[in-house]
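For reference, the chain that follows is the form predicted alone, supplied as structure tokens.
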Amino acid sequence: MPNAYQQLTHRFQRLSRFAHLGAIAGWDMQAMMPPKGAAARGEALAELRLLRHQLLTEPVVGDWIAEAKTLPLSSSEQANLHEITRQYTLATVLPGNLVEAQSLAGSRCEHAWRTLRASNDWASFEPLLKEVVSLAREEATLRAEATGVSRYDALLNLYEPGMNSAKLDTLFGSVKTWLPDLIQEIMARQARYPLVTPQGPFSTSLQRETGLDVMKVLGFDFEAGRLDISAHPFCGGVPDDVRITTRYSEDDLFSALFGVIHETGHARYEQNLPREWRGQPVAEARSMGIHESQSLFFEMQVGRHPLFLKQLRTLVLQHFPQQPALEEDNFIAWNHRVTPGLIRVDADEVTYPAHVILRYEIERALVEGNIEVGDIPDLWNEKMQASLGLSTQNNYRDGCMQDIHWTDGSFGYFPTYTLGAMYAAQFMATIRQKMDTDEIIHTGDLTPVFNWLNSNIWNKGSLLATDELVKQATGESLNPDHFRQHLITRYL
């Protein structure tokens, strides 16, 4: 008879296979499914989510966990048992009917959002979001009561274990003291050098070919993944079948291209999680902050590096004719522009934290019950004016309706973007101490950099807690000074 630990690994292998099906069906829902399939797909995904919840929360799983803790396990097995226990504890807090209701409400809201955002229709979107928020508050209350933390922190813990709003307030509070002046200083400096605007149209098919070329340079495994189109760029699927998406505009050459670079960072992480532990919780990504660190490492630390931009320009010119905007100096400067804008995913890396902090402050107040859904548009406009000097009055499409995250109740996710930017800067600072990154990027062969990421981040999965992972990789806990210094060095 298998012992209790082996029973657990078998159960989680089954759960992983069901999650695999859900991930591919979820990708299909956003990238391929015809509109009339939405209701039936939402019901199917809700049924699958409920089945996984039932398998995870059966009382026998708790019995196995208790017995497994008495067994002589290796350090890796102990780490896996820790993650099994964490997932079990998180799941048993929620009743099955809430899990199902959240899945159905999220599917309805997300599907409607695709068309309602395009038509700037907040009035029709608001009641759908209210339902999602109501269920998220119910979840947050149950989790908070079980763990003794605030409602928002209980949801934040789902995406970034070990983080809380007190730490975020310190980190983001510091950023808010220096970011506005830095933005103004960089913009004043850049204003002295007028730029030539790229002139479209830029064919979608040629943009796609350019993106595929860049993915090859960045080491994406095309036998274990693919690139498609969706309303909002994302990385989905599973490690052996990673699905990344982008969205194209024939007026903008770079939005989709850097979206592809960003999602390729996510994909490389997924494709290189510890294969020997596949199907177990310890083989999953450590946290969304670490996940975002990889996408932002690719997009910002490497992708916006002047020497990489030179190579990117060469790839672009293989598909698009030369024009003044694509001259080397202008190409690099254009991709280093710091300009406050309305859209988070198109933001430069200097103004990006302002977008994240705005969302963090709103979603925290929303989950805690300090504001209601109807307050979001005016609060969004107020915070955009204060942080970036821009108005979103009556412009819901480019304001509070622009992101997909809240449509399925992913409250607590947004802070991980700026945490990821901080981790990415810290990882690059460490890599620079170990190798000549400028020369490596100049050669076009990024293998040494990827090898470091694989050894220190990707292949660790969830074997270590986030803080321990970062300390082992860099010699210190998260240090936001690396991020600030990166911005100063690159832009000033």
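Residue positions are given as counts along the sequence shown, with the first one as 1. None of the values given here were measured: they were computed from a predicted structure.
Separately, the form predicted in complex with another copy of the chain exists; it is not shown, and the next lines address it.
The closest heavy atom approach of Glu77 to another copy of the chain in the predicted complex falls outside 4.5 Å. Proximity of Phe222 to another copy of the chain in the predicted complex: non-hydrogen atoms within 4.5 Å are present. Put simply, Glu47 is close to another copy of the chain in the predicted complex: some heavy atom of it is within 4.5 Å. None of the heavy atoms of Asp375 is located within 4.5 Å of another copy of the chain in the predicted complex. For a residue to qualify, one of its non-hydrogen atoms must sit within 4.5 Å of another copy of the chain in the predicted complex; all three of His20, Ile24 and Trp27 qualify. Heavy atoms within 4.5 Å of another copy of the chain in the predicted complex belong, among the stretches 406 to 414, 233 to 241, 137 to 145, 101 to 109, to residues of 233 to 241.
A heavy atom within 4.5 Å of another copy of the chain in the predicted complex is found for exactly one of Val60, Ala40, Ala66, Met435: Ala40. Shown without its partner, this chain lists Arg226, Lys383, Arg208, His82 as candidates; in the predicted complex, only Arg226 has a non-hydrogen atom within 4.5 angstroms of another copy of the chain.
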